[in-house]
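Just so you know, structure 1 and structure 2 below are the same protein chain in two forms, each on its own as structure tokens.
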Structure 1
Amino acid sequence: MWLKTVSENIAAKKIFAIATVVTGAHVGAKWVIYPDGATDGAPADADWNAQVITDAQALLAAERSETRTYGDAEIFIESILPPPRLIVVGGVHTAIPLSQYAKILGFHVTIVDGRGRFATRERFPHVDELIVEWPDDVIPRLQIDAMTYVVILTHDPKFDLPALKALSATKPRYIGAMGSRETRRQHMAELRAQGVPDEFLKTVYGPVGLDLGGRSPEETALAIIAQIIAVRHGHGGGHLQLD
């Protein structure tokens, strides 16, 4: 039964962990643990169940697998993760090197732009998905989870504000938005006035990217992908985020 669940989860590109009892009571037992703490097939009478779930959630967040000891039992917790996904809102010039860097690093890359002249296969032959729609229309339909990173490069309130408002109902690992500090402050104030929670707005990285001192689109893209990698692995470094 657990194998069928694992196969379905992999096909659906879900995030989950497999816990396997290596020694002790229930040796050989396997079950599935999800990021929200839900489980499939966990031993009902094991006194270490709650701790295994907590540890699995932490390992999933860290993208790691480990063997942990719980009294007389050793349990191997294996994180099963789909490729990280990068969603780029705005098919501007910076999006070209950014999507190329992301593909090299193993990301599944999606470009979203309602302007057909920007979102073309001629400009982005290497990306996995090219969606010519307005961001706020398409975001609710995309699979956005803890393996998803979103970068808004449009630098225009007509795109930025609806996109961020739509994203406020999701839980990606990272959201970065292009724009100066003053522009970002104005956008944040407008979104607060529209009822977007301050707790969400504080998670948005803006101005986007690490402070590498670069100026060209390629250098800007490098600063952005560097920030994404830093966030992915829980490291800091020169963020340009608002105070």
Structure 2
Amino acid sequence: MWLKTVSENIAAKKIFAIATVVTGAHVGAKWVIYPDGATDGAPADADWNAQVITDAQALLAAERSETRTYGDAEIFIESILPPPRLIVVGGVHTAIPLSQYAKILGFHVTIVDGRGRFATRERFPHVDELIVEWPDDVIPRLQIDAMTYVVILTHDPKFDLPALKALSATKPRYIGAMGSRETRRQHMAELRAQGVPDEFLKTVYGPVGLDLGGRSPEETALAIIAQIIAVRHGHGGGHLQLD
């Protein structure tokens, strides 16, 4: 039954497509297609099977879902991708609401802090992963990819600088670094002096967040997660307004 297969695939964070026949002779048929072209539960006697696999592979690569027509059949092909990841460096106060918002939004959330007092289960019962280790030791092991968003909240050079240096060897979708304009300038200059390339430093969002004007940890966390959503969808983050 598809429900079991789909649930197991999601739990295993697999990339796959679900094909559902919504009109035509096979209406109601539903099966799973993997990026390598393997299928699970496809109708045996349908002449469009090979074309649906090709189309599903293209839609998966584009991270899109679409209904397509194959003769008398309309088939909804839905791309299922693993959730985006948020890695928060620094288990500080702002990290608590930030990780809560991220969980509501469907992110897989990891908190990293070398200080065992900050990164505790009592403070972060809701996160997926809690790592008590120095950020620059952990970052190379975190398999950071284009679905990963990283926020550095420590704004202390002894944590920030090594973390950013380690991140310069990875390719996340987003890096945000907390700190005032003056702190950010100092940290950037220091990293430049340490040989971290300018092209990388320019991609770091800092001071972090959209300009919402709030000052509390909860409001700051909202400005950060809002920036992440804007970056995810390629939007600037301004007001929606009639011209």
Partner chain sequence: MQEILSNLQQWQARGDETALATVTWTAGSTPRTIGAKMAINSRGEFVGSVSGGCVEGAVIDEARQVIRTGRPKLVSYGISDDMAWDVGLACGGSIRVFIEKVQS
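Only the largest set of C-alpha atoms that superpose within 1.5 Å between the two forms is called the rigid core. By convention here, residues take numbers in order along the sequence of structure 1, the first being 1. This is a predicted model, so every value here is computed, not measured.
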Structure 1 or structure 2: which matches the form predicted in complex with its partner chain? 2
Can you say which of 82, 155, 187, 173 is at the hinge when one rigid part swings against the other between structure 1 and structure 2? 82
Can you give the angle, in degrees, through which the smaller rigid part turns between structure 1 and structure 2? 56
Quote the shift of the Cα of residue 63 between structure 1 and structure 2 to one decimal place in Å, the two forms being superposed on the rigid core. 4.0
